[in-house]
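There is one chain below, alone, in structure tokens, taken in the form predicted on its own.
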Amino acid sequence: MNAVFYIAAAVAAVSTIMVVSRSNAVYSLLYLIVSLLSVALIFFVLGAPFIAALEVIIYAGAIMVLFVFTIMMLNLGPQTAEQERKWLSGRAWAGPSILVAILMAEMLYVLWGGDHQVEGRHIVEPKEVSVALYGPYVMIVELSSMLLLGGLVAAYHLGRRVHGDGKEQQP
């Protein structure tokens, strides 16, 4: 299981570097999804399947949809139509596809062939997670939700179009 952990950690590191280094927001989102999936695999291997499931559902699912909607809300105009055609090319999906294939092979190995956790670790139950989140970490959870809301409001205000007379332009 240590090999699965290290390979997933390497995939997470590579995909996170790709998130920061890509100049295109959509490419960065693809690599961010790969990074979040690899972190979920790391949680699963470390004995926290509930947290791994939350990682996939909340971060790789819901928050990525929020980011996609934010990019759509910015709608940069007619020049984005040509750029969207470029995103449909196979070259754009090659890097994330390779990393996801590595993660998929690891997950299949963990589920059907190997041990389900690293030795010396215990499985974290949902009750332990909820006691921690609503206990000493409740302020951090609330602050992070306010930070996400502030980012969404800022993206809306930066992306809206205003005429010279101060009126907001309708799409």
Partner chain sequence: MTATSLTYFAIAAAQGAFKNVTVSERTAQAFADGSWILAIVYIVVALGGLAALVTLSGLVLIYVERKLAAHFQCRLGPMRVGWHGIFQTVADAVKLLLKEDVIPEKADKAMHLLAPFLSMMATVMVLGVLPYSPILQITDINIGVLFVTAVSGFGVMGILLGGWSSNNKWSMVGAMRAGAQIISYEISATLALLVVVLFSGSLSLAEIVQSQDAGWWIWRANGVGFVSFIIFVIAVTAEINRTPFDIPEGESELAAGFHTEYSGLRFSFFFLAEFINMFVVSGMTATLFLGGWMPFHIGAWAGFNGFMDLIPPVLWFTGKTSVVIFLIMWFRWTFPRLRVDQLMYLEWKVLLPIGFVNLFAAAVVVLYNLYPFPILVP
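The model shown is predicted, which means the values in this text are computed figures rather than measured ones. Positions refer to the first chain, counted from 1.
Beyond the structure shown, there is the form predicted together with the partner chain, which is absent from this document and is the topic of what follows.
Across the proposed site, 24, 30 and 66 without exception bring a heavy atom within 4.5 Å of the partner chain in the model of the complex. This chain is drawn without the partner chain; in the model of the complex, the residue among 102, 110, 46, 60 with a heavy atom within 4.5 Å of it is 60. When the partner chain is considered in the model of the complex, residue 56 lines it closely, a heavy atom lying within 4.5 Å.
Residue 72 belongs to the set of residues with a heavy atom inside 4.5 Å of the partner chain in the model of the complex. Contact annotation for residue 40: none of its heavy atoms lies within 4.5 Å of the partner chain in the model of the complex.
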